[in-house]
Each structure stands twice: as structure tokens, then as C-alpha cells.
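Only one chain is shown below, in C-alpha cells, and it's the form predicted on its own.
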């Protein structure tokens, strides 16, 4: 069986889970506590990060973007990187936006500080970083809302990796109750469409010990 090593609240692992599910590729999930630095896992990925995908033929892939590119090329029936050169460039730009800029300005200041920092043994949450994360959230939601208002999906007329990357980050933040959806109705409506897709079901079923999601987390009608 194809194995995906993950952490339930890792946005990057969630993105790969969504790609696998959208493409209807069967896989088994295995939680990898990266802070334990297992020797066997280091043999698969010396960076000791998730996600890592181990194919049935023994091929091992690390880094969420590399995995998603591989999956789109290996299983092309449902293209998620766009069909034209222009579409592919826009999808890549937005994936870089959410996995780069959004991650640095929002996800790392909220999810990392409030959840991952303690697990990794890196001290207590930084209150200033958390305040910055909340402050940065609104302009990002405004931009996402603008994209949702001007296009059918974030990168154009078809669901793409851009939508899945954005939804992966937002779903992790939503789980810990850090999203105020009243900040932008268009962003909220777009997210409701994405999370109502069958591929999202396993994410909405996730539960993390000691952290209960808000009631609306798994509610498809918000």
C-alpha cells in the first residue's frame, strides 16, 4: 500500500492528502512524530519533515510541492497544475503564495507558535508573533476573497493545486479556532465549497489529542 507519513495539522501534509483524494489514489496514513527523529524515518527523509510519500514500488518522495508535481505527472487524468502554460504559471504562483508568504506571515505565527513549538521543545509561544499572525490574517483573507470573487476557482476556471494549498492552511488554522470567517464572506463561501468536496472528508474527521475544533469545523453549511 502507498504510505503517506504526516501530522494531522501539517498544512503541507494536508495538501498532499487532498491531492491524493481528489485524484482518487488509495493511500494509508501514518502519523510521524518528527520531534522523535526516528532513525527509520530519517532514512526516508534526512530533513525529518512531513509529508513523505512512499510509493508501492519503494519510491520515496519528500517535500509537499515535489510530491504534488509527481502526482500530477504520474496520475494526469485530473490535472491540478493547469492545462496551459499560463494556467500552470498562475497555479504555481498561488501555491508559492500560500505555502510561502501566507505560511510565514500567518500559519507560522499561529499554528507553529500555539501547537508545534511545544512539541518540538522550542519554548513557549511568542505573544508578539501570535499578534502578528492575527494582524496578517485579514489582508490575506481579503486577497483570497478577491480571487474568489473574480474567478470560479482561485487560479481560474478549474479546481487546482492553488485551491488545495490554500484550503490546507486554512483548515489547519480553522481546527485550532484561529479563523474569524466574518472577516471576508467571499473567502468563507469559497472555503465552504472546497470543504464540501468528498476529498475533504478525512480532514474534517481528524481529531488531535487535547485540541477540540470549533463546532463549525466539520459543518459543511458553516
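Keep in mind that this is a model prediction, so the values were computed, not measured. Numbering follows the first chain given and starts at 1.
FYI, the form predicted in complex with another copy of the chain isn't displayed, but the following is about it.
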Heavy atom within 4.5 Å of another copy of the chain in the predicted bound form - residue from 173, 194, 61, 183: 61
Distance check, residue 54 to another copy of the chain in the predicted bound form, heavy atom within 4.5 Å: no
Interface membership of residue 153, another copy of the chain in the predicted bound form, 4.5 Å heavy atom rule: no
Exercise: residue 47 in contact with another copy of the chain in the predicted bound form, heavy atom 4.5 Å: yes
In the predicted bound form, residue 148 touching another copy of the chain (heavy atom, 4.5 Å): no
Triple contact flag 2, 6 and 28 to another copy of the chain in the predicted bound form, non-hydrogen atom at 4.5 angstroms: no
Interface segment, criterion being heavy atoms within 4.5 Å of another copy of the chain in the predicted bound form, picked from 164 to 172, 186 to 194, 65 to 73, 28 to 36: 65 to 73
Stretch 83 to 115 - residues with a heavy atom within 4.5 Å of another copy of the chain in the predicted bound form: 85, 86, 88, 89, 92, 93, 95, 96, 97, 101
